[in-house]
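To begin, one chain is listed below as structure tokens, in the form predicted alone.
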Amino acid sequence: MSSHASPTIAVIGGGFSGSVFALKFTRLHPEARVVVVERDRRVGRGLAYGACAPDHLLNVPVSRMELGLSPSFADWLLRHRARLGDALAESGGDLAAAFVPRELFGAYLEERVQEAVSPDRSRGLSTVRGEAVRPLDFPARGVLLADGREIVADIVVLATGNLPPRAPQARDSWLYDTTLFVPDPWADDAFDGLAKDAPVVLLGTGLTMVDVALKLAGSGHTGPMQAISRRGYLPLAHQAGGNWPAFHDPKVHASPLALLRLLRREAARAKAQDIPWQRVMDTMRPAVAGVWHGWTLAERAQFLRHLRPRWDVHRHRMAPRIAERLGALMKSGQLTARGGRVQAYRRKGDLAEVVLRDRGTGTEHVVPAARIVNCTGPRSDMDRLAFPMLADLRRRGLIAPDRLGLGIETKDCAALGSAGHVSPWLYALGPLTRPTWWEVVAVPEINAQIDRLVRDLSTPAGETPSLAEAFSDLGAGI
């Protein structure tokens, strides 16, 4: 970038990652032109903080959502005290420890972007509503939009965030072409025409399922909801209290099984001292990227195959109030969760029947459904992804999907091509870079990644510490 007096950067995606990168880069380089390309009407919110109901809460407290922007998130929230009653009551009046509505964070980001947009579109931050479908043909750099517009740029940053879920593989794929199936639970029309007392099946038992179940119940849905996943694990809740000292150096190699044993041993020690196991997981968090980075491909595959479900429910937890609401739904019997495999889908009048084989017992159950909702979470398998921009970059060899189906290969933030070369102009942020860092889906890690990319694009190339070390500097926390 040092060769460009006023570079142009095209940022693909106007959610959290793209917006915060654009804000931080233009703050440091007001002479540069940064264009954020976003399909949706509002820039800054993205899926996580835009497609949410008022009672959906952040999964971490306010202190972990600070970005180094002005005003801080906490200071901005003080202007919205009327919406913080339950959160402050739960945290004993400590705003930093409060779990606040997700849409408030979305509003905060959207407001920062709106304030930063430059009236001069030749410099500063600007937004374009559209969809990037492919890069410009060599030797030009930039992107082509679906409506035919071209954005010529020196640098392109992929900040697509979490991609829509993929329909689970099924023998009876006819279901996916009917209105009985909801491929994306966040689509505006996902539950149009659904009777209030109709039965619903939720495919998945993770945080997406929790959001959808609470959204349906909050909108007055009274029908039964059956959540299904292979193991039937539900997310666990945050719990306050205590601290736990660091117990693992990520530079010391430990296999997935050895690490599991270590975590269990430390959790048992914490329990003996009346300290929640959550503090053990929080202490481990800064080391996660370093541990993952040091694992072989076989060890990563072993973790994903055998340990990931357990890791997810312990690591990605629910706010206490969300856990209470979920517990109330389950206690009332409106929501049930079950581990097993879907064997078949059958039509029965206006409904579908889900034939489920229970995990463990092997017995079959038939569950009726007026909607079958895909709550399996974001997809990441780039080898079969039809997202236009990413598919075209892959076809040209400008990005390379990883072998485990987590995202694309990168070096720090720079994309690696199919031949293994490091791109001098194409970069990625957030969940796309999971193959290298694994835990790069939460605000603290993505914010640290953004800071690194801003720095790397602002200073001459040189030896820099691994991004894993930047993650380790974040300190323990949820």
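Note that the structure is a prediction, hence the values are computed from the model and not measured. The numbering used is simple: start at 1 and walk along the sequence shown.
Beyond what is shown, the protein has a form predicted together with a small molecule; the following relates to that form.
Note to self: Check for me: heavy atom within 4.5 Å of the small molecule in the model of the complex, for each of L203, I228 and M318, yes or no.
What the structure shows: Checked in the model of the complex: no contact with the small molecule for any of the three.
Next item on the list: Could you spot which one of C413, V34, V62, V37 gets a heavy atom to within 4.5 Å of the small molecule in the model of the complex?
Entry: Comparing distances to the small molecule in the model of the complex, the residue within 4.5 Å is V37.
Item checked: Contact assignment for the small molecule in the model of the complex, among P135, G161, G339, P235, heavy atom within 4.5 Å -> None of the others qualify; the residue that does is G161.
Check: Heavy atom to heavy atom, is I12 within 4.5 Å of the small molecule in the model of the complex?
Finding: Yes, I12 is a contact residue.
Notebook entry, point to check: in the model of the complex, does D211 have a heavy atom within 4.5 Å of the small molecule?
Noted result: It does: once the small molecule is placed as it appears in the model of the complex, D211 has a heavy atom within 4.5 Å of it.
Check: Does at least one non-hydrogen atom of A287 fall within 4.5 angstroms of the small molecule in the model of the complex?
Finding: No, A287 sits far enough from the small molecule in the model of the complex that none of its heavy atoms falls within 4.5 Å.
Check: Given that the partner is absent here, does L216 sit within 4.5 Å of the small molecule in the model of the complex, heavy atoms only?
Finding: Although the small molecule is absent here, L216 would stay clear of it in the model of the complex, with no heavy atoms inside 4.5 Å.
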